[in-house]
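Next comes just one chain, in structure tokens: the form predicted on its own.
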């Protein structure tokens, strides 16, 4: 069992806390996509839920814990999906939820955060500036700061995806996971390395936001001065040291992909799987497109992690 901050017993217990609407998401083989990519492709669909991303698995744990302890408020920084999920989970438990996001975040994500009842504060900078502002708010108000990937609940919530994959371990040999802050990659990777150690865990990140991937290869935290990618959900500049340590223990590889491959991946998921996805969710397909020989004949699973996308931008990418 890999040495990380995660605990398998807690991950199993998480399933009794998380609303069933986020659990046991569809996983199915997509032969049309597989024929196009030259390998057997299965899709793990994390968008068929009220917040259209996997983030609800983690926010359910956080919100339940806060409610049990009598806490009344929570704040987070978000690229969009975490804020929606926290708004949903916190709202159902009577928590006051504040979300700090970049003004440059997709309008569709910001609108959904507001619609779910969260207080939304916008900053002019990128996600890292939003993270700093959220920490300031938490300190000033004396409320809980939820830090995605650093807070273990976000990782162990995402790790329940791994439990569901491990139940089907005979159907795949490689799992492709979008890599941003690292909650999903470390969570799913930990479970697979524990329960299905024969499966290869490959993390995928855009070349325009490569900090965590570079850090994984260098085995030390590498920060970047800027980022430039349409995959806003995985765009960060400052890897968290504790999360990197976990990732080093559970990931077999971390690769970078070009923007053109991300867009091609979105187009293929629409054409061959009938799925409208945000750029982060197409990273796995992009990785196969960039290195088809590596995956030829393999049995892969790609986790479709989110579908909160601005439709105007989506049409421009996919049909432009």
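Residue numbers count along the first chain shown, from 1. For clarity, every value in this text was computed on a predicted model and none was experimentally measured.
Below, we turn to the form predicted together with a further copy of the same chain, even though it does not appear here.
Asks: Just one of 39, 276, 255, 263 has a heavy atom within 4.5 angstroms of a further copy of the same chain in the predicted bound form, so which one?
Replies: Exactly one listed residue reaches within 4.5 Å, namely 276.
Asks: Tell me which stretch of 255-263, 66-74, 282-290, 44-52 has a heavy atom within 4.5 angstroms of a further copy of the same chain in the predicted bound form.
Replies: Heavy atoms within 4.5 Å of a further copy of the same chain in the predicted bound form occur in 44-52.
Asks: Please determine whether residue 294 contacts a further copy of the same chain in the predicted bound form, using a 4.5 Å cut-off between heavy atoms.
Replies: Flag for residue 294 set to no.
Asks: With the partner left out here, check for me: in the predicted bound form, does some heavy atom of residue 122 sit within 4.5 Å of a further copy of the same chain?
Replies: Output for residue 122 is no: heavy atoms all beyond 4.5 Å of a further copy of the same chain.
Asks: Wondering, does residue 237 line up within 4.5 Å of a further copy of the same chain in the predicted bound form on heavy atoms?
Replies: Residue-level check for residue 237: no, no contact with a further copy of the same chain.
Asks: Would you please decide whether residue 315 lies within 4.5 angstroms of a further copy of the same chain in the predicted bound form, comparing each non-hydrogen atom pair?
Replies: Yes, residue 315 is a contact residue.
Asks: If you apply a 4.5 angstroms heavy atom cut-off, which residues in 24-42 are near a further copy of the same chain in the predicted bound form?
Replies: If the 4.5 Å heavy-atom criterion is applied to a further copy of the same chain in the predicted bound form, 24-42 yields 26, 27, 28, 29, 35.
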